[in-house]
Structure formats: structure tokens, C-alpha cells
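The chain below stands alone and is given in C-alpha cells; this is the form predicted alone.
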Amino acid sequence: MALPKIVGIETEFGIMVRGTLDWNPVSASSLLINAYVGTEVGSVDDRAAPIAWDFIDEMPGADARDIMPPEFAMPPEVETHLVNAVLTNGARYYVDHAHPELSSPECRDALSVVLYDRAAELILVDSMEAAASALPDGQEIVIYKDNSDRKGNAYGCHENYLLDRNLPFGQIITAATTHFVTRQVFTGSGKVGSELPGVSRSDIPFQLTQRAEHFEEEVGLETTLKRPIVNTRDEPHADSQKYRRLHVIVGDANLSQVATFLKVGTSAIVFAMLEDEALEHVVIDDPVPAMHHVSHDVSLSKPISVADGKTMTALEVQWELLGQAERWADRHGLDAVGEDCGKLVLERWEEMLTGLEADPASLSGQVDWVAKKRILEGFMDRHDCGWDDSRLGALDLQYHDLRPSKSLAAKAGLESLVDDADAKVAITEPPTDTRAYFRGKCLQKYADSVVAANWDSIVFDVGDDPLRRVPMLEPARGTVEHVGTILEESETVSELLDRLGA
């Protein structure tokens, strides 16, 4: 039986300081996050706790294929000068290399991911406003929710899925590869031109995704060089005997909430099907070239090679996966992905494929690449220019600008799945149905006693006694149903720990 698909999303944001040529992305990212963390909401700061992120259980070098020597599976070297904030909604907000990154709290379904992804956008907007007072006159930090600096460098929007440790990793690779290569038709955020060597704007004037061309391997551990379609990082942030966390690095950062919803929702269903042994594999030949091919095919009509000498379009593969998903849901139910959410995923998946097959332009309110392409084509019509016009690159970037008054995505008529009023609540409040609830509520109530925190534990200082680490190895526990009463009734952290121990 498939495990509950606890899911999350991590977004690295593009950053720029306007008004100066002398700026450093790491310093700018630190200033941005520190400005947000240091800004009070009301009389107390109820957004973030000034505590350390605990790296003790992080092993980014651990490989699911068991091919890495032990010295590569050690906790990372901590860059203590970089800000690393734990938010009261259970999320993590920090500087990752040269980017601000926000990792959502653990979510029980795809609709919850959309809610906390929208909350992340609002947090970045608030951060830009908070940072303005710390900058010299005429300077401004601008944040982009995109994936490419158009100079050959890419940064990620990563997804995470809780899987059964007993599921053979080879099966995960096959299923994930097929879905990731073909889901680009609705997850792509669109890009003007190509960044492949020797490919000109006339060859590829526009493509579906920003990320596809930056993938060079089918399977591997890297995330910044020779990026693989299936990442093998074996860092479960949970009970490693029971669980695996599939770390997905192939997706675009979406401004469309429908695209984010289907990106996460369809993937969760595919992995639940795999755990229930209900997935008949469609095997793609040469996945890396196929991934580039799908991204370059704006017509959605050019086939890719699959096993047994056959060919299928990306849409045809997605129709096949949807058909299998509907049969799986009839037999097994949708509890693994959330009953109501799962039904909505299946409905919107079918509507999406139907629209893409009939007329992609009809989905300009749901698909980022379609919305962006419509804006660009409108500009070309008004100014009587072609895809070689340099201004299109600036418009491409402006689509991803998170400043409400500047963002072209905000003017594109994209459909909302969550209300902004709810997203504003989610800035400070954690999900109630995963362990993020316990983390977030502890930070709200006992911040002065929290020494450090990470995904699977919190360390408390209870005074004269030794520090106390509370493990959270079960992502589906620590919910309001599980610990809500204890948290509400425990006035001090010592009382909380006593009651948890009992």
C-alpha cells in the first residue's frame, strides 16, 4: 500500500541589485533575508526565530546507489556567516550559494504545496520591501522566480516526495524519467532562445522550459554540474530504515499555481502507483536528448523514441500515465495523495491534456509557457519585430519579476487555486497535518528555548539540564491531531518535554 505522499518544494530565487554595478549576490541574499527576519510583525516577531539550522543529519553526498565512499556522506561544511532562518510556518529561509532559497514546510498534498509556495512568493515580496531601507538611495534588490540567468547558469526549483525505502531504486528511475521528460508540456515556464552551444535564436526562438537544456545525465548525484534527470541524493530527513526522500531537480519554478499543482500532484500519483505495483512502464530511449527535444517542441507534435522501436509524443505518454492513474484510483483509492486533492489532480490533469491537444493557446491562464508566449507574440505584433529582437529577453525575465507592479506574470491572468488571504496566514502558520506543525508551533511558543532545528529534530535548552533533542522521524506525525493539545496546555518547554516523554 502506497505511503502518504508527504511533499515539499524548494525554490532558489534569482537576485539582482539595481542602481549599482558593484554588488555581490551572496551579500545581497544575506541582506535580503536578514532584513526580513529582523522586521517585526506587530509587537513581536512571529515570522522567524533567530536560531541555528542544525546540519547534523544532512548528508548531501549520500548516494541511493550505494556507490559513494563514507567520507562523502558526511554533514556539509557549515558556512556560519550565511543566514539560515527557521520560519514559524515550518519553512526554512536561507542563503544557498549565491541565491536566496526558501524551502516549504512538509505538506500533505499538492494543494498545500501551492498554498505554501504562494506564501513563499509573498515572503520574498516582503523581504524586498524590508531590505529597501538598508540600501543606499537609488538601489533596489529585485527578486525573480525563474531558473536561468541567460548566461549559461541555472538555479533550481526542487521537489521532494516521501517514498517507501523498500521500493527498488531502479523502478523509481524508470518511472520518474518517463514522467519528468514528458510533464514539461504543462510544467514549463518558457524561455526565449537556447543556451546550448552552437544553437542560435533562429534555431530555437522559444522553448517550453528554462531547465531542460541544463541536464546532461540520466542518473546521478550532482545538482549544479552534469545535472541528472533523476537525482540520487539519499538524505531522507526521516527514519532511513522506512523512508526515502526523492529529491527532484528537473522542474521549472512556476508562477502559475495550476502548473505547480499539477507538477507536484501528478508526480505524487505516479510514485504512489509505483508503490502499489500499478504502473506499467513506458521506457524512453535516450532520455537526455528526449528531454531537450520535448522542451524545444512548441508544437507538442514531434515524437520521441520509446522502447521496442516505437515512438510517442510527450502528450501521448502523459495520456497513458493519466489512464493508468485513473485505473489505479478506482482500485486503490486516493488516500496516499489526499482524497479530495487527488480527485482534483485527476480532473485538472485531463483538462490540461485535452486543452494542450486541442489548442495550447486556450491554456494561457494555466500554463506559464503559454502565458509567456502570448505576451511575447503580442509585443512582436505591436512592434512589428521577430524573435531576434533583443527586447524579448528582457520581457522574458520580467515575466518572473516578483515585484507586484512590475511582474508580467501578475498581469497575465493566471488562475489562482489558493486565496491570498490564506497565503498570508500561511506566512506564519504551519500546515496542521504534518510534522511541520510541531516545528512551527514550538518556534512560536518556545523560541527562547530552541537552540537549533532541522527537518527531523529540534534541540531545546531547558536550563541547567543538558540540551534535549526531540526527534521527528515520522513526517506524518507531529500534527495538530497528534500534539495540538499537548502544545496548547504546556506553558513551558520543560512541561512540553515531560508530556512528550510520557
Partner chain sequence: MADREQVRKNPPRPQEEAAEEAPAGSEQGEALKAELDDLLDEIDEVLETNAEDFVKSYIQKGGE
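Remember, predicted model here, so these are calculated numbers, not experimental data. Positions refer to the first chain, counted from 1.
One more form of this protein exists, namely the form predicted together with the partner chain; it is left out here, but the text below deals with it.
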| property | result |
| --- | --- |
| Contact test, all of 322, 390 and 406, partner the partner chain in the model of the complex, heavy atom 4.5 Å | yes |
| is_contact(residue 192, the partner chain) in the model of the complex, heavy atom dist at most 4.5 Å | no |
| Distance check, residue 486 to the partner chain in the model of the complex, heavy atom within 4.5 Å | no |
| Heavy atom of residue 155 within 4.5 Å of the partner chain in the model of the complex | yes |
| Contact flag, residue 379 vs the partner chain in the model of the complex, heavy atom cut 4.5 Å | yes |
| Candidate stretches 238-246, 420-428, 90-98, 262-270, one within 4.5 Å of the partner chain in the model of the complex by heavy atom | 90-98 |
| Selected contact from 165, 348, 374, 293, since only one has a non-hydrogen atom within 4.5 angstroms of the partner chain in the model of the complex | 374 |
| The single option of 394, 385, 132, 283 touching the partner chain in the model of the complex, heavy atom within 4.5 Å | 394 |
| Interface residues of 210-248 toward the partner chain, as seen in the model of the complex [heavy atoms, 4.5 Å] | 211, 223, 224, 227 |
